[in-house]
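Subsequent text provides structure tokens for two forms of one protein chain, presented individually as structure 1 and structure 2.
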Structure 1
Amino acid sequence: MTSMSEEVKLECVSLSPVSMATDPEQGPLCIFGTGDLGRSLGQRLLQAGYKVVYGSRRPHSCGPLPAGTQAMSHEAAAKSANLVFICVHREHYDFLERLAPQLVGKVLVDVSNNLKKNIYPEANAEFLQRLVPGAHVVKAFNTLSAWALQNGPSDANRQVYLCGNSVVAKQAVEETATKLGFTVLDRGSLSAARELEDFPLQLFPEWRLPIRLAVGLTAAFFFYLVIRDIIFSYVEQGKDISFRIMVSLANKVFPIVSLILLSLCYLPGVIAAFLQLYRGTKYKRFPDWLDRWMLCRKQLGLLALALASLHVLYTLIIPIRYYVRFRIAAHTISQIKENKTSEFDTTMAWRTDSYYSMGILGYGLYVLLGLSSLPSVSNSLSWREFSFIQSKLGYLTLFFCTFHTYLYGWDKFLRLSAYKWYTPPAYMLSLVVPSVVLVLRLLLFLPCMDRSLIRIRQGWERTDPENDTKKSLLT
């Protein structure tokens, strides 16, 4: 047993060799730069149990540093550490060329970024490697902010990307990042440095498609309603109701786009289910457009929630609008003059109460879906709980919101006056996608389809006689 354990230990050591010269625990870590990022990185390294020294051109007047660190000249700091973090901008790299003899064999971690893309002909890390050819340059930590380093990793910034030409140097940086609580993703050689430096310059890359879709739908339905309501009334009836653009039209556009976006969150899942049923396996890749669509469902849902919230706020101010108060007063006065009294309509009471009730229930579930998508909440849920909220309650939310819209329309689709210039009302257009999603989802609930889908997602594959014949011939 003893000999076997010794053999296992020897095998473990041989699988992941780490050079003692680049082990950060053998001595202090060095940071060049005493700005916000340098101070935050030093504080985080101290909390992880490392010794930290700062290299500065003015070691005696470089500002407040984390307690427990030491500031010294660049030359002295470079000699004292084997792993050096370069927390300065590229235009200040000149001093590193003078330190080339002291940095031979050292690991230099370049954390710099640029203000714009393609400012320089080569990446900052490649330029640094050319300045100090005897060092091992690793690009890492540039996607993290000073705030993330101070407060610790969260789901939004847990990953550290790195690249470099030296495997041993990357192992040393990876070990340090892991001890700081981050997960490391190796992007290969130093030629990938430009790609890493472009990451922080991207503005909401995962939100671009959802935002474009939301803006496009909002603009399309807004102009559609302007033509049907405002321009139609002015041309056909000679009425100027352009003031309704600010509240009435907005309160129609926002819920319409919100309902469509919500249905678009669940449509790709339905399409994927039918694709798996058609193929008879879950081991074939989905089309690229479907993958992109499924990856942005969270963003689509949050935008839908934002538009639904605007619809709620607009609805709350309806009773205090001048137009509404004027109409109510005019109607009351006309009834007094004519000595008439409106009879209570039970059907209308049921319709309006049901309409408001479905809207309230739908919005309440909307908010629950949004809260459960927050990292702080989703991390506390098991996968089954998260799936139940986002899937089961999500379809229930879609049903309530769709039924809310059907109650709003009621029997208007039977009136010819609702089809202005032979165009359907906007709420009817908004019901197309959610109705299709709900119908397709109901089809998936059929026992024959549900059982087949569950088996496929558990790993079962439908056999192909032609492929089986080919396999037998090859055998």
Structure 2
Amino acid sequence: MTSMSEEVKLECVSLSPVSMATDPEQGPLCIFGTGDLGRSLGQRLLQAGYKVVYGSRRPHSCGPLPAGTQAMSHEAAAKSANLVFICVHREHYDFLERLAPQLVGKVLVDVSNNLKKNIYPEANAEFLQRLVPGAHVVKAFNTLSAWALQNGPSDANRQVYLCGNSVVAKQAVEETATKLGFTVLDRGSLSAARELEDFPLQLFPEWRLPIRLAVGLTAAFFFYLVIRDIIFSYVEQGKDISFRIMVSLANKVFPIVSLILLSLCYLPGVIAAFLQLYRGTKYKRFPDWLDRWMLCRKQLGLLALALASLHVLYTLIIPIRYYVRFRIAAHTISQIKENKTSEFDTTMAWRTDSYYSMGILGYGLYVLLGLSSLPSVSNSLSWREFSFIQSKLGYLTLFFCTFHTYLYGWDKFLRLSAYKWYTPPAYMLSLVVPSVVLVLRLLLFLPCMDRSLIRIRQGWERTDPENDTKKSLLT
């Protein structure tokens, strides 16, 4: 216990020089490295009122530095400051090992990033801590762009993530970051450094699979429709209606893919429920593919929403299209010339109006789902509220949209002429998955299913003697 309380004292005592280091009116901050990053950061620190010294291998020939700063040897620079920014590539960290004695008790801020993930076995900051065990290494600022470091916070650069093992050292860096106008998010101990170093390298990792899926489905249905509509019409009727690609075809492909993606959001949940019912426990891990699928439901849903929005716009411009106006005029003219009077069809009016109404209500709910997944909105919801929206309202949305599509089809399911070249219309294909999801979901509402599922999710496990012995052997 003695060593512990000593460590406490050390922390306490070091509080004062550290907090002074971050006070602009007092001791200077030190930057190791006179490259681009070091210069940008130095300029910004100067603007915030700090004194800045640079540590350099060749202090007399290190190129132009911000006016008002000073370059000196690493040793001298380290001595003059309590907080040292390491603006050097990881490849050149070795020299710091030699400086370790001068850096004892100092706060070292590792701002480095790598060009790729996983090229080194350990995070840069952890490597640094190993090289200079006596210093307090803090990983920080690496998630900011060089532009933000030089010019202050802007859109995606408002937050400084930091991590480190010393609370006091983190406080010192936090103070400096706050001074520069950033908001600080503490990510815990230095073992989080790898995560922070990977962050700036990522480009929508969780969006890749859903986007590929959406693009793939869009392309597939596009070709399917080009063949069934454009080429069929050209081959069988000799008519060139290729102009329909731009709007009519797009307005078929987008809603179809949107509906499929939406139903794919809810399919994994249903599969998971049946898996839990079958296994009789919730403590067995789901297969990997199901886990990954469940983790990208939000992205699937948002892509579906984007496509649904395009569908809405494409639908709303229908009446101002040249083609549509021409056809309507031609129809009216031919009616007059042939002196025909078409009777008003009440069923048709009911059906089309219901069709539009379902679409609008479905889309309205859909937008609500999208809004509730905005980070700031979902953060302000309790998870009971969030799951109410995403699950209850989500299924309602799926139901409305599926019903909307069924109303679109109406009796075309039965007409043979709809099956050109023996292929079903595309919207029929889009109805398969949502219908399956809705039916399975309804099955889960059956009292026997529902009750078992609730018990399983509360931790209950179905045990049969055989299974039980197996389990105890496995665990």
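Heads up, when I say rigid core I mean the largest set of C-alphas that superpose within 1.5 Å between the two forms. Here, residue number means position along structure 1's sequence, counting from 1. Bear in mind that the values here come from a model prediction, so they are computed numbers and not experimental data.
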Just checking, which of these two is the form predicted in complex with a further copy of the same chain?
2
Pick from 283, 237, 447, 202: which one is at the hinge where the rigid parts meet as they turn between structure 1 and structure 2?
202
Using C-alpha superpositions, by what angle in degrees does the smaller rigid part rotate between structure 1 and structure 2?
43
Supposing the core is put in the same place in both forms, how far has the CA of residue 197 shifted between structure 1 and structure 2, in Å?
4.2
Backbone CA shift between structure 1 and structure 2, residue 184, after core fitting (angstrom)
11.7
